[in-house]
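The data below hold one chain only, encoded as structure tokens and taken in the form predicted on its own.
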């Protein structure tokens, strides 16, 4: 597993502290992050691939400083947003998945095979030539996953990937996430989805207030929000 290390990490937005003195060593395959809105949980997740930089301290991915070697880190760490419209950039489904591979400079036949495989994995083959922004919400989130995972990152960070979905589509996306071979770091409000994770972090007011197996960590979270 990839080792993700936070060393005395803090982050401020202007004068407002968002994270304070976070030190972690994460190497489990499936790690959940929970917390109330505004707790700092999404900021914590976005630091793993450099979308947010620490104000102080540092984040390392397999020894690579995310602030200094962000390009290398982002080859290892993929990121899926809550709203897939934030990351769909190309006109059609196939083009959007293929766009991810441009910087990898693969031979054309290898790139096409990877795209076809990703479309099939996420049930999008029949939609390959459909306008990407006209898909349903669930289909868009599956497209976002396909477009990130076609690059075969070692780690996927997912920031509330089912929050905007109805129950059926949340279940479908959740099943795909559960089946991933990649290491998964997931921020979520859907606590049931974390029942069989290896580790759950509870963030409150910018600090890690619980770090445990799911049952114990989620009980601590319920006490925090109560």
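Given the structure is predicted, the values throughout are model-derived calculations rather than measurements. Residue numbers count along the first chain shown, from 1.
This next part talks about the form predicted in complex with a small molecule, which is not shown.
Peer 1: Just one of 163-171, 177-185, 64-72, 36-44 has heavy atoms within 4.5 Å of the small molecule in the predicted bound form; which?
Peer 2: Selected stretch: 36-44.
Peer 1: Residue 210 versus the small molecule, in the predicted bound form: is there a non-hydrogen atom within 4.5 Å?
Peer 2: Judged by the heavy-atom cut-off of 4.5 Å, residue 210 is well away from the small molecule in the predicted bound form.
Peer 1: Within 4.5 Å, heavy atoms only: does residue 18 come near the small molecule in the predicted bound form?
Peer 2: Because a heavy atom of residue 18 falls inside 4.5 Å of the small molecule in the predicted bound form, the answer is yes.
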